[in-house]
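Here you'll find one protein chain in two forms, each presented separately as structure tokens under the names structure 1 and structure 2.
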Structure 1
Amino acid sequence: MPRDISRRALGARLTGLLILTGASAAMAASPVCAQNAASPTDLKAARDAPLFRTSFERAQKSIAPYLKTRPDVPAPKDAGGGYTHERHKDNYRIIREGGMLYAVTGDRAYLELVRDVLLAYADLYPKLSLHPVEAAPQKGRLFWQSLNDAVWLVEAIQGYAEVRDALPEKVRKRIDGDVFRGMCDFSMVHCAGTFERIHNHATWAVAGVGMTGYVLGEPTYVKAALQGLRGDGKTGFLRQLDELFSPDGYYTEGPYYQRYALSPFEIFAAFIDRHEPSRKIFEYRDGILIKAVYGLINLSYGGRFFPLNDAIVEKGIDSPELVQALAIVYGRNRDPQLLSVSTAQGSVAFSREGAVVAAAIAAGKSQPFVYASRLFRDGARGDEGALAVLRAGSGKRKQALVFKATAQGMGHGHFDRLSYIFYDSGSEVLTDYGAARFLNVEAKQGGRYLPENETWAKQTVCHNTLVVDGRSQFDAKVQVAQPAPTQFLGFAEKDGIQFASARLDKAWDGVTVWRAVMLYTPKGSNRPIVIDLVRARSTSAHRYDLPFHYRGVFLDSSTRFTPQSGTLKPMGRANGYQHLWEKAAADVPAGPQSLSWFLTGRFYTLHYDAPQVSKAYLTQLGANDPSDSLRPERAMILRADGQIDFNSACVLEAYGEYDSAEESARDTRTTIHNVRLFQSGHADLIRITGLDLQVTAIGIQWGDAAESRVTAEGRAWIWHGAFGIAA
């Protein structure tokens, strides 16, 4: 529970902050244009740039009804998705957009609209107690959780900053005191526990208070926001920049929450840069705020973010948070690659920085953004695992493999380490479920996370990674998983192979798991393949399950699946298995096997050799789901029962083309005949034989040997280093 502090204690702290700040009490109270942001003259000129004109006209259209009839400012009553919740969200948008419309046009009608809405809040806010809905550990006043109150403050202060100097002093003082100071007081006193956290909720809180401090000329607010309520730097905005991002700009909760947290980080940084450019905030920690934006762009495929952790799968680079953050960063570094991303977003921020972006695009300065293979280390010091993004192909045949070997990701993290997602030809082929949630759809649990988010979406079997004894990693306990990072082993490229590997300890007692994934494009081929090796070692017998959640329609299998007759039964009783229908089962003989499926004009075959596996299952999601909340997705699960160790080698090939309009199919056969796995000590050899009987052998060394040797069917294969083509 958030701790509370008295007003007197807060006053003492803020007095100390004022002494520590050494800042003038005459800090500018009006918005100051950033070094690289658009001036008022530029804003008027930018109306001719198509993308900014579109944003301008959209804002005009949305605000127009309220120029005649002022918006409702109701007493809070509803949780997320309800009328009062959505009304207060619309109102902060009206304040923000109305302020910018006044800055662009100088039309006092927009000034008066912002003034009147804020005066209505000045009437309402001082009378409010805590929100009536009991649904969050830290209630807000306008909203059911304090997070939303902080968002309101961040959004509204931007619009107020554009009109404040044009308001009469009496009006200004009333709005300052009864709205913005009141909200800052609530955030720092009543929600002090949230304000002092190292978490995205705290980022919104400190950003709102700090931005308000700059606009109202209140250095104590700024100091509290930057260095925490005690002023010792152990909390606050700067400490959040230190702790929540890795050195590569990866946000510990994953891209979906990186997108959400990016707004307060970048917007507050822009305010800092405008008012205190000497801080050089965009250079802080080797440019971490710049890296965060580039990182988020790179954590996407086809315009959609990788659905890691508690992600809503529809979110992508066109999200308003990234649109605004991109504009802020472009305003500082003028990288022409960002302009092509902005064009792909389809809009620019209706802000001073957005005007700069639109003008540059209109001037033809855009260059293509290069999406390359990247490693994103996790943890503040980059030593808590990593996320590897391997890319291959070009044009409509672009591929991406996302290998997740990160830390837990706090409460929004999933128990999915050493899992991977695979994209091809614009589709997510091997999938990650993301979050079980219908965001702000009140009829579905008030728009909050569904119970199935815990019982399915977070569980290990929901992901493409090994499951031991039918239990999720760390028994699905965040407090156990959080301090136990994944050990990332390697990220490199040679011999046409892009390679990433990692090791997982302590997820299950007495079991260690290794995994290596590769994207390999054979010489003379334009068809990359995915190579995947899993090995687990233990001192006692276990049940090992390796799921592959695939999107598409089953075509064929080398094993004969027997469908369930009569009533379907779930695969288990807990840990996510209770939600999987067992559709069919097959005995898996020794030796190489395969499974094929079809998805939106492409064919896929998974070749595998898993010596300990004796059974395979075809499953469909949806069991024990009385509210019909889960998507009916398919998977194949390979099972090794009563085995001390587990080993598997898999190769996934994407190929062919199907045109439904022409009713034509081309290149519909895999080029791979089989895949075999051979082992010796810490070395694995995967041998891939083509239909033309050409053999490619790739070796993996899990230990530290400089040279590795594995004998396969009478032939010795040798390679050097952690991986490579074996000769």
Structure 2
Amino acid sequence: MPRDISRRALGARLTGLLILTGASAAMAASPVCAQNAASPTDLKAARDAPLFRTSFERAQKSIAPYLKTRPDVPAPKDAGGGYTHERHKDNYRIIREGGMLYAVTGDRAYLELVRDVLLAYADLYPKLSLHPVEAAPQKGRLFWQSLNDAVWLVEAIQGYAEVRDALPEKVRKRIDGDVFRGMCDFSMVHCAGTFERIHNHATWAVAGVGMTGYVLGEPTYVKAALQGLRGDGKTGFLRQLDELFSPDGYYTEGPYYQRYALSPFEIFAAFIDRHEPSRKIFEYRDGILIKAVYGLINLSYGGRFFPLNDAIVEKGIDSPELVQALAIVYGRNRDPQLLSVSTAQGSVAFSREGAVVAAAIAAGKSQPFVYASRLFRDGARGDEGALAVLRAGSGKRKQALVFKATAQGMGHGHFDRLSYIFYDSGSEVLTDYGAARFLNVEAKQGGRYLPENETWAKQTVCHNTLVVDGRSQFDAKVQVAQPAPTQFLGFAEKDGIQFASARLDKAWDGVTVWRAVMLYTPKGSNRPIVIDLVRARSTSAHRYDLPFHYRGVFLDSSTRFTPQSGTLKPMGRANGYQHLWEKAAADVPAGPQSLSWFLTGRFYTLHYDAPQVSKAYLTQLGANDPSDSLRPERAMILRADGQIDFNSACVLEAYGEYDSAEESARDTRTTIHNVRLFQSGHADLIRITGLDLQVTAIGIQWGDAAESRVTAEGRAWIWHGAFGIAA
């Protein structure tokens, strides 16, 4: 395995996946087991597996009331949230869970429930024209938008599949024709525009039709779903698999939306695999359906997804979509590492595959999931930048650094390229705000994105990345940003240094920004440190701001901050600055500086040397926030004013142990005396001096020199390649 990075690679092309261990190895191989889902006998046995029993009993309890009443299948009338809307959503759940309950128990009451609900739809559906509410661009028949109709079909067909064989011919024909064929026709004919898109909404459409095709034995449906209405493969499921995920299983909108987009892919694939195992759908495109699930698991820390782009920060691996997808994948590859993820999820899917997972966990087959450093290239061909995940440490001291150098991520993307998040000891330490949204909280803009999502959360200053002239990348215009990928430079490991770097052009006229981030674990040490280099080059003078959004309580700094105690003013008027209160300001003299903070049991010191920086600010979020919606988070912003170039070298050290029960604090001082940046042409040298006066020097070569040399205070330092320990 290559552990260095060639000059060529650094200069121009992606290095791809250099670190392949544990889980990722399993991904690539994805051996598909013949017996991939629970048989009826298995299902009854699995009822004794505690996790499946819980899911089973939850479904039983939620379906119980409907066993006593007549189906409620009203004529569509209401928009989202209204009575008929919620009713039809409940009904697809009743059909799906009712079908599974019949499969698990053999109790005909469930069979009859599913039958009666579907017969009520058979009465209603053929009479329906388009939904009366004028709102969505693509109307449905049951729902105000056709996406919901497609979801109805995907959910309901799963339940119908479990009962259809047990129904009399006549009933079966009625439901087949008046419900499912009617819906497929609607999707393929009336909603053909959606059906033929390369977009995750179209995935719901093709999944519903394709799954129905398998259940009803209608190969034309299957073909249309897999290869598009024209059958030429330019649209349809396989093309979506080609286009909607990167070769590494990354979905461009980021993990929060990856979780959502994943569902119809995995559910449909499970059906394909069950009915046409010879298609080896889980091996398609080098196992992309499996990679996407492992990718999503890997895009998390402490059970929560990295809050990139428009993300609800609480969202994590326990999302129902991932619970279901994990079971589908486990049904194929039997990777024991997935079982520990399932245990962390806290529940298993109430599905045939969920039963298999629960039984395997109960049989003690679980193994720890290995979260390793990973590169996720972005874009269908993997050439639109990348997300680099560097991990170090272990147990409660595990760390992760998430470096975002991806494409824009469409409308939900944030203008945050070259930013990074840093996790340590279970907490997000350098943070990403995620989305400004209180999902489903009616009083907060009806649960939709808040205005502050545009004015704050998406803006560049909201992230740990350079801001030029107080303006966001691409002036926060998605149509400008979308076609401009980030140039990912390198991802490699050498000398105990995990390294990732990227370059951003055109985010501002005439300014190019480079950044390299590293996790460095010195030999014999168990204390990794973050190393972070930012370099901007221009031909005219600019204001450069480098924010560090840190979580915790300010402790100390080398610069002397003057607090604004009389009154607080916002840091600016636009582009996110209007939301930041300026709490304190400091002059930053030349030379090495530091800032320390404290967060539940750990201490952090950011050492920095940024030659052009003359000012530092402490800010708190919350200005111009009329509905008091923003979290009062803290940041430090380093500012260089009227400078042509910008350079910074930062080292972040996490240390110490604070036990509030024992009232003990240990190891409460940084071991680093200072950090200095020295430059020569395209070469940067970071010299780290310990309290013990030991010096470590790390060099970066941004150009293509094979050997780099930088002189620092009379001593020459030399290294080879794109980065490495200098001697």
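We call the rigid core whatever largest set of C-alpha positions still superposes within 1.5 Å between the two forms. Please note that residue numbering is based on structure 1, beginning with 1 at the start of its sequence. Everything quoted here is computed from the prediction, not taken from an experiment.
By the stated condition, namely the form predicted together with another copy of the chain, the second structure is the one that fits.
With the core superposed, residue 76 shows a C-alpha displacement of at least 2 Å between structures 1 and 2. Residue displacement note: residue 155 has its CA displaced by at least 2 Å between structures 1 and 2 (rigid core superposed). Relative to the superposed rigid core, the position of the CA of residue 501 differs between structures 1 and 2 by less than 2 Å. Core fit done between structures 1 and 2; CA of residue 90 shifted by 4.0 Å.
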